[in-house]
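Read the single chain below, which is given as structure tokens and is the form predicted on its own.
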Amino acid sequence: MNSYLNTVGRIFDIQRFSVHDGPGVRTIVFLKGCVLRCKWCCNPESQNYKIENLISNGKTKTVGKDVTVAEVLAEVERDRVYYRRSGGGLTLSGGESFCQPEFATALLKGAKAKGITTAIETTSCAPIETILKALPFIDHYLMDIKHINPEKHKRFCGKDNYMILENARIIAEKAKDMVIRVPVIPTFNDTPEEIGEIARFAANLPNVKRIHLLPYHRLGKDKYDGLGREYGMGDLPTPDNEKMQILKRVAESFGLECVIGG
């Protein structure tokens, strides 16, 4: 009996048929809890581990529920035929999955045991020992690096980036496949100089060849209103295509394959 299948965790959504969060068609499981508080976060309901109420279109929605690994995998397996045809599988997201390390690792292990490929979207702001326990069960490691400057990172994300950058160096040596992802945020990191610093760092990581630039959007703003919270980025515009192409060329100048979007 695989007792890890009874491990309980807290999620707030399962999204099927995604094509932007790892290769192929994927099912994304969103876990509750995060140690960062990024001002632009499009999933503010993910930040707190506690179960919350969110008001949407005048209706109150409960955000968060406790489930077992076996229950989640039963949902993930519904689309096995699409994974097989497209090279897709399970992606863990959040929040920060490593805030629930036992549950996240058990989910990844269970998926691999069933022959389903795995990916994780992560800030990697967690003890490296926690990450290394899960790493053997992760096929595609999608790591956010938001800024190189620790003070600016702390001002916009709530914590500095020392652990994140150090973890990136270690993970890059051991991951099967690692992609650096950068949310491009006006007033935070949308200059060629700042993207260049991140690209230089990524290019110097062992075995990392790809970087994704993810344009800022305000699609999560209504969620802040529904949670009774203030949206920290105000009314900033989405970077236009011309700007994104400039930043793409900057990243490519460091020898990286660069994609706009996930």
Partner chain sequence: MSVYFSEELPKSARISALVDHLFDEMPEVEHERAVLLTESYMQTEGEPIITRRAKAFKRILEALPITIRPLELVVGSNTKKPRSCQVFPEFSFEWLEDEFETMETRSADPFKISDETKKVLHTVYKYWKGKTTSELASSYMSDEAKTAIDHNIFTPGNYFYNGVGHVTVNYADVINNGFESIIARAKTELAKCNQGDADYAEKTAFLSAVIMSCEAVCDYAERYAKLASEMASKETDEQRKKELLTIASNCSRVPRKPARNFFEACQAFWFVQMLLQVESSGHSISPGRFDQYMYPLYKKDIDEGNITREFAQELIDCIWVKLNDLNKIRDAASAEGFAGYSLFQNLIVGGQDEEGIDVTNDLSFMCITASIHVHLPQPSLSVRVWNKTPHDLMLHAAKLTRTGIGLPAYYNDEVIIPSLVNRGLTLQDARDYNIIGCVEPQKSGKTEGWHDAAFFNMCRPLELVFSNGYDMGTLVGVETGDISSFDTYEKFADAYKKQMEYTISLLVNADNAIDMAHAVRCPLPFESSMVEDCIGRGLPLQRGGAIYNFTGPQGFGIANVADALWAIKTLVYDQKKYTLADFKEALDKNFGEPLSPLKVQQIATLVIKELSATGKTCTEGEIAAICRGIKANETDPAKKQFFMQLKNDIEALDKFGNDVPEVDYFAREAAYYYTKPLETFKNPRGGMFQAGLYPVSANVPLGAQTGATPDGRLAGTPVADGVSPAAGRDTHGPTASCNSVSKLDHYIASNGTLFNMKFHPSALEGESGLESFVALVRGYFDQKGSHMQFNVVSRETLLEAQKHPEQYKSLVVRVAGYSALFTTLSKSLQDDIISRTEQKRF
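Residue numbers count along the first chain shown, from 1. Note that the structure is predicted; figures quoted are calculated from it, not measured.
From this point on, the text means the form predicted together with the partner chain, which you will not see here.
- Contact with the partner chain in the predicted complex, defined as any heavy atom within 4.5 Å, is confined among 75-83, 124-132, 165-173, 110-118 to 75-83.
- Although the partner is absent from this view, His20 contacts the partner chain in the predicted complex, with a non-hydrogen atom inside 4.5 angstroms.
- Put simply, Ser253 is far from the partner chain in the predicted complex: not one heavy atom of it is within 4.5 Å.
- Using a 4.5 angstroms limit between non-hydrogen atoms, Val25 touches the partner chain in the predicted complex.
- The closest non-hydrogen atom of Arg16 lies within 4.5 Å of the partner chain in the predicted complex.
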